[in-house]
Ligand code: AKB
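Presented below, as structure tokens, is a lone chain in the form predicted alone.
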């Protein structure tokens, strides 16, 4: 089948790289990027539509125009930003999803991707090797919206026959996009500060472990899930999805292997409480068993690759 794909939030951290990967897989003209922002870099080298995901009429028009077979709904307000603007965060994250789910059913769109998050877990969730099915009691607007979104995904699959698929992303690390308002974004900013200033002030404490993943693995796993046969998938809320776990101190030590003079200090702020409500490690055995998930990067691999690529970006001022 010839695919036609729409990506919402295509200029964001995940979207900017996933859209490029989808174009490499399906052809440049087959993937329409949409966002309220203007695309830059590689993302600008293909079809683009300016689109506010809360504009329901515009959504209908885009679907009518392009007749997509798949939609990747990546537009969202992230954890730290949504805590500053809770009602706006809820509206953006929830209304846009419901608009899309209804439109997908009406237009017979074949597959939809919805990104959930470790933010959907909460303070009563087991922190070590968090299981696929467990207590979920998020305390942030972002986490509440993601948990509700998972429920709607399962509802639309069971009641409306929509093939919607999802993963619970851990913190994502990429050299291609700057930090965007997430609690785990310290793990991106630290590299820029290490190279530019030789020092970093962490808004999380030294011993805060969080599940993380390097973006190439996140893209690989997302595409794996979307290509898996539907009859192999038993999870229709969202799959646990893991790469590696580290603390700010462990990340700093890994950077010091390459930049011995790098120093770090700790001044925890409101984001510490958000991080403390999340798991420290994830059991992703369902993803491994049902669609073959296997991460390719270790912490050391990721640190070396991040430093190499950010050095190159800094040298050419392309950030």
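Keep in mind it's a predicted model, so treat the numbers as computed, not measured. Residue numbers count along the first chain shown, from 1.
What follows is about the form predicted together with 2-amino-3-ketobutyric acid, which we do not show.
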Among 73-81, 128-136, 93-101, 153-161, the stretch whose residues bring a heavy atom within 4.5 Å of 2-amino-3-ketobutyric acid in the model of the complex is 73-81
Of the residues 174, 184, 166, 145, which one places a heavy atom within 4.5 Å of 2-amino-3-ketobutyric acid in the model of the complex?
184
89, 170, 248, 149: which sits within 4.5 Å of 2-amino-3-ketobutyric acid in the model of the complex by any heavy atom?
170
Pick out the residues of 104-118 whose heavy atoms come within 4.5 Å of 2-amino-3-ketobutyric acid in the model of the complex.
117, 118
